[in-house]
Each structure stands twice: as C-alpha cells, then as structure tokens.
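Only one chain comes next, encoded as structure tokens, the form predicted alone.
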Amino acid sequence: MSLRAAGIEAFGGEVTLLELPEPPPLEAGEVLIRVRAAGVANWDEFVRSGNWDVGRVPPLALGVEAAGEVVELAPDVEWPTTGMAVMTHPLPLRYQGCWADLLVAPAGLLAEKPDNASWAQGGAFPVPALTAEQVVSEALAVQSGDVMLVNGAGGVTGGMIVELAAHAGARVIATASQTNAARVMTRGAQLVIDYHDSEWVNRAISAAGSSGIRVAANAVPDGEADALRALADGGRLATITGAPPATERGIRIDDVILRPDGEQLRLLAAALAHGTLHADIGASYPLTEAARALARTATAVRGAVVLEP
C-alpha cells in the first residue's frame, strides 16, 4: 500500500504527485487522520524552497495544516475518538505533510472541527488563526481601549488579527483594498483605509487622535516600514512577514514565528464555532492540482486556498 500525496522530490523542486510509503505504525500520543482538506499558502512555498524546517526532508508531502476524520489512535490516546472531525497544525512532522490522503499527527495538537465549519474552512484555519492569536495576545498583548493598526487586513491572517483585536476591545484602524474594505469593517475594524492611498499612514495617524497608534500588526510583505511610521513613540509592532525594520523611537518590534499549540487551537476552534472568527475560502483544488493551487497563492485571492483530496 502506498500513500497518494502532493509534494517535492527535492527542496526547490516542482510540486508533483508522489507515491509514498504507507504511514508507519503509530507511536505514543499519535493519531491517524484521513485528510479531507488542507490549507495552501505562502508558508508552503517556504517549505518547498527549504526555508522552513518542518522536521522532514524530501521526498516530502507538503502542507502544514489540515482537517479530516480520525481513523486510528495509538493505544495510549484517550482523546480524540475514532471518527471525530478534527483540524491541526502538526509540526514537526514525523511522517509526511498534510497534502496527502492520510496524516500522522500528535493528538495534543488537534482541535475538534466545529459542525458549522466546512472541511475546507477547517483545513485552512489552523495556521492563520494561531498566527493571529499569537500576534494579538502574546506579541502585542492587546488590551481593551488600545488603538491598533492592522496593515493588510484584507488577507486571511490579517482579517483574523482584526477580529481577535476587536474582540479584545481594541479600536482597530485597518488597511485593505477597496474590494475588501466592507468585509474588513464587518469583522470589527472601525476604519479601513485603502493601502493604495499614498497618504494612508498620515490618515491613520490622524484618525487615531491624540492617543496615537500604540500597537500595530503588519501582514503585508515589505509593509513593515510603513507600519512603523504610523506608530507612536514607545509603541509595539508585530510583523508576520519577516525582516522587521530596525527599532526606533523606543518602539518594540516582534517578528512573530508561528508556534504549534493545541490548547490555543482548541480555544480558537470555539471562537470559529461561535462566530467570533471566520474562515473565508477563496479557491479549492483537487490534490492533482496542488502545483496550480500553490501558484494561486501568489495572486490576490479573497480567502484561503485549499486542497480537498
């Protein structure tokens, strides 16, 4: 028996269909999941190019987030139960990535998929949700009354940052395209500024009033410098795009590196179930079109891209 997957034969190689050995016997604390949907995003390009160590070397099925049904448990696993619909960000990988029919994952890194979320929504939820939570609650420690800038709120992760910050009581000023402005407003932003406006930084500063912008999150490639300009002296900036600018004016800058966290994911799953968080899907592809799906993430997509094996 072999495993049908999509991935790479070597770092930097093209994404192709792979026939991989069947999953090994489960070790303590592990479960086997039949994958129903797996997220596709720029972080998968980091893995493909060899710029993100996920604990495995090629030949490698790509994919670092998934949703599916539990089909087998290690003898010591008491939760979840067989047949449960779950979602996960299962790093480091002991076996293979999520772009495959089957996935071996630690039970501690699972969350139950809400009934009101589709397989596609569950498969594309863990990474952006965990990133947003770690930006808002950890790097920025957003509190009620904070004036916060979210640069790049039209993207999947940026939109979740807006939702979590607004839920924490922050007054959110966001940047997004005109196409995404109305949706970002419904997610909790009090003002959305078109990032194409060359004066958007000055407009954001003016809108913040005398208190100034105290916390900011950047989710735009090469947008860190603009976000830094918008911050008041002594503020805090979290960026998820790497290469943070040099600190200045007493501003603290955090380059947020995603951390797998099952407890956080379970709390975020509850927020998804209750409507505090949303998972927008922009495009779905079969496993045979994984290369096309990955290429699609480099274009403007209103929502997440997923593979549905």
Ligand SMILES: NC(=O)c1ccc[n+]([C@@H]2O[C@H](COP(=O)([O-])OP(=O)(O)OC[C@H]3O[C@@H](n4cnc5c(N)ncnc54)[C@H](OP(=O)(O)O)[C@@H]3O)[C@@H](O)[C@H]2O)c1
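We number the residues from 1 along the sequence you see. Quick caveat, the model's predicted, so the values are computed rather than measured.
Separately, the form predicted in complex with the named molecule exists; it is not shown, and the next lines address it.
> Which of 209 to 217, 124 to 132, 104 to 112, 228 to 236 has heavy atoms within 4.5 Å of the named molecule in the predicted bound form?
This holds for exactly one stretch, 124 to 132.
> Heavy atom within 4.5 Å of the named molecule in the predicted bound form: which of A246, A243, I257, A28 fits that? Just give me the one.
That would be I257.
> Name the residue from S177, T186, S137, T82 that puts a heavy atom within 4.5 Å of the named molecule in the predicted bound form.
The residue from S177, T186, S137, T82 that makes the contact is S177.
> Under a 4.5 Å heavy atom criterion, is Y195 part of the interface with the named molecule in the predicted bound form?
The answer is yes: Y195 has a heavy atom within 4.5 Å of the named molecule.
> Is there a heavy atom of T88 lying 4.5 Å or less from a heavy atom of the named molecule in the predicted bound form?
No, no contact at 4.5 Å.
> Would you classify R302 as touching the named molecule in the predicted bound form, given a 4.5 Å non-hydrogen atom cut-off?
Flag for R302 set to yes.
> Can V156 be called a contact residue for the named molecule in the predicted bound form at 4.5 Å between heavy atoms?
Residue-level check for V156: yes, a contact with the named molecule.
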